[in-house]
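Take a look at this one chain, the form predicted alone, written out in structure tokens.
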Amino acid sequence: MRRRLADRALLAGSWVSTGIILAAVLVLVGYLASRGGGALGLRLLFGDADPLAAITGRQPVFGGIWPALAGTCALVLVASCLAIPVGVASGVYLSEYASHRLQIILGFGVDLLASIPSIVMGLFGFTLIIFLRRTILPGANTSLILAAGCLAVLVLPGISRATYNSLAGLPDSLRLTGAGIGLTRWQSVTRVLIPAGSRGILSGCILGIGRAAEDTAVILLTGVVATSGLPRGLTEKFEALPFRIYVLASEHRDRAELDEGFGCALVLLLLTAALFACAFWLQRSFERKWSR
């Protein structure tokens, strides 16, 4: 009887917790939609500029968020290209190649890196530029590649830990299967273990992409500005949606500008949802490919 009551209490608590989370999400999205939905449109994106000319870069955008949207996409792309390969590779090494003692030491380092606040990572990037400017690169300056690199370091521990947990949780029979059919250790890892743990690995990558898209503290100190236009290169300044929202929220002059900030937040939410959808599509595609 006590066990049944405990099971029912646990089930009820799970349903209540799920309901609270769903209600919080619905309230947040509903509030953003009510405040920023009216601002959505081509004018929010491109201002008075022609959309096609603005997209191709032939006409500058004043009063629109298209440069910030393009800068956010570029930032996420570069940060993902830097973080995902290194994060997955380090997770594979920790799980399959490192000794038990090395796993403890390196795992502690990964967890410690994951606990660093984003503002500290931004300060690290800013300090790095000052150091380079005073030593070997007098012309060094904050830029897109610096911000993407700092974001990559920020999300790398989560990807590494997700990869490690996914591979470490696989049964030993899979490792014996690879060895039993004559595969080398590398072949067993790449052809058996990684496909088997792909769901957890890709989930960690998806969460890393989401964090790279929404972080503001890092880019605030490493290259983002309010009016730089479309990103012109990795060593140039850039705009980003999180910083645009911060500027509109802190320096708005009237209700219309504040509503524009809510519209930017809604666009950022839609962009993050689109990135998650693409990542989940890639995850399903890889799973179907590896299951054949």
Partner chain sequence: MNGATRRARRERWLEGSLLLAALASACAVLLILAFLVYFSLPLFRPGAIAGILSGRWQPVGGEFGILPMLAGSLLIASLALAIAFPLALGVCAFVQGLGPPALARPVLAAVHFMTSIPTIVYSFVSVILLVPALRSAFAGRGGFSILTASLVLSVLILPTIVLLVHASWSGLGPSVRMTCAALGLSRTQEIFRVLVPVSSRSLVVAAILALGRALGDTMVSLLLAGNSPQWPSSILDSARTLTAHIAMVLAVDSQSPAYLSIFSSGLILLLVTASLTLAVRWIQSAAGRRRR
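Values in this document were obtained by computation on a predicted structure and should not be read as measured data. Residue numbers count along the first chain shown, from 1.
The protein also exists as the form predicted in complex with its partner chain; that form is not presented, and the subsequent description refers to it.
- Taken together, 10, 28 and 268 are fully in contact with its partner chain in the model of the complex: each brings a heavy atom within 4.5 Å.
- For the chain shown alone, residue 185 is a contact residue for its partner chain in the model of the complex, at least one non-hydrogen atom being within 4.5 angstroms.
- For the chain shown alone, residue 162 is not a contact residue for its partner chain in the model of the complex, no non-hydrogen atom being within 4.5 angstroms.
- The closest heavy atom approach of residue 112 to its partner chain in the model of the complex falls within 4.5 Å.
- The closest non-hydrogen atom of residue 262 lies within 4.5 Å of its partner chain in the model of the complex.
- Between its partner chain and the residues 176, 119, 168, 137, the one pair within 4.5 Å by heavy atoms in the model of the complex involves 119.
- This chain is drawn without its partner chain; in the model of the complex, the residue among 155, 193, 92, 146 with a heavy atom within 4.5 Å of it is 92.
- Looking at 12-48, the residues that come within 4.5 Å of its partner chain in the model of the complex, counting any heavy atom, are 14, 15, 17, 18, 20, 21, 22, 25, 27, 28, 29, 31, 32.
- Compared with the form shown here, the Cα atoms of residue 204 and residue 278 sit 3 Å or more closer together in the model of the complex.
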